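In structure tokens, one chain follows: the form predicted on its own.
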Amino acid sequence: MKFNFCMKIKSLRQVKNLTGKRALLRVDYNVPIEKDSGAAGTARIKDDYKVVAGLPTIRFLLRHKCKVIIITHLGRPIKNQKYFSVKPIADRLSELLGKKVKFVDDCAGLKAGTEVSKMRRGEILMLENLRFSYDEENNDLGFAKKLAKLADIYVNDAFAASHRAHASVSAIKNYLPSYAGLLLENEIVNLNKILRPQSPLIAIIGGAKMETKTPLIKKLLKKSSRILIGGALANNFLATHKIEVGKSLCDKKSIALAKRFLNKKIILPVDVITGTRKDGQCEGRSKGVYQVKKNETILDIGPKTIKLYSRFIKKAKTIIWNGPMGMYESEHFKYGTLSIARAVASRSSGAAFGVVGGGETIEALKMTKMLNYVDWVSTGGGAMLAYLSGEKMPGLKGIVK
């Protein structure tokens, strides 16, 4: 679906006679998890950022004494492993809300229906991982219909999953009155400020996968004053200029894609930090982009590039950042990414409107302890890229017009 700037959002705020309704709330609690050494086969949440971001919608429903039925996916389970159960998320949500969140190990069957029938106004029930059913990712109408029978209305607060044609975000809307949750509504409103920016717009694009960033770069070239390139993406752009990138992450297909964007708006690193190991477990060396040797790997942008990019950021009125500038996970190669994070955060919330998105980008921003300085931190990685690139968003069809 294509979007225009006169769009209307069917918001949860607009629902009449909401009090007491059974609300099927689709969230994206696809959070990073790790095995809990204290309980074999189970897991615990490493980062609850997405869970916290969705709290306003839940609280809104509770204020209207709704019966809140929460559904989400988690990971890519092959079988119904306990590791991918969403029960630990239900437990964490209980802590955050200060209110019991009941869990049932079923998402669309008899157990789920039975537990929903027992619910009282103002209670919360979380159903098991949607992806325990193959019908979810197949956008199966029958599965969507089973979910729909549990509720009176459907609320999509899972912007991060709305670029997928899955049953709980797409087919479900055939069977229930459908609305945008508060988080999803805010995502659309804030991302539209990038699509209709106050100039100059400065885009900072990093990360590793050229193919996933190409549509965004193409879209932003029309609106941006400059696009600052970092991470492994920069290697491909440098290679188009016949600059040696050594053993850095780079491939022929990505170089071919980069050649499409040989434009004065594209700004590339002028210096880099190299290492002798691709895993970053080595000392770094600062050098100009023309000084990289064949046995070296580019793992970060250099100090001159940080200064150059910061100069552009300081002049921005609108900023969009997606993708780290290098191997920020390594102690020796984190400074480029963290410096850009600080520059973006410092310019946002006042002088410029700043948006940051993507799991790794947010993780790096958190390392600076300046997350709250940025105007909007999107919960969508792939979804944010898809939306800003103008790609189809099945989860928004009928909700965003």
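This one's a predicted model, so the numbers in the text were calculated from it and none came from an experiment. Heads up: residue numbers just count along the shown sequence, starting at 1.
Unshown form predicted together with a small molecule; subsequent notes refer to it.
Student: Counting only non-hydrogen atoms, which stretch in 339-347, 355-363, 369-377, 60-68 is within 4.5 Å of the small molecule in the predicted bound form?
Tutor: After filtering at 4.5 Å, what remains is 355-363.
Student: Only one of L228, A180, A108, L299 has a non-hydrogen atom within 4.5 angstroms of the small molecule in the predicted bound form; which is it?
Tutor: Selected residue: L299.
Student: In the predicted bound form, which of the listed residues (M327, A144, I194, A258) lies with a heavy atom within 4.5 Å of the small molecule?
Tutor: Checking each option against the small molecule in the predicted bound form, the one that comes within 4.5 Å is M327.
Student: Within 4.5 Å of the small molecule in the predicted bound form, do P88, K102 and L127 each have at least one heavy atom?
Tutor: Looking in the predicted bound form, the three residues P88, K102 and L127 all stay beyond 4.5 Å of the small molecule (heavy atoms).
Student: With heavy atoms only and a cut-off of 4.5 Å, decide whether L249 touches the small molecule in the predicted bound form.
Tutor: It does: once the small molecule is placed as it appears in the predicted bound form, L249 has a heavy atom within 4.5 Å of it.
Student: In the predicted bound form, does P269 have a heavy atom within 4.5 Å of the small molecule?
Tutor: Taking the distances in the predicted bound form, the answer for P269 is no, it never comes within 4.5 Å of the small molecule.
Student: Would G284 show up as a contact with the small molecule in the predicted bound form if we use heavy atoms at 4.5 Å?
Tutor: The answer is no: G284 has no heavy atom within 4.5 Å of the small molecule.
Student: L96: heavy atom within 4.5 Å of the small molecule in the predicted bound form?
Tutor: No, L96 stays farther than 4.5 Å from the small molecule in the predicted bound form.
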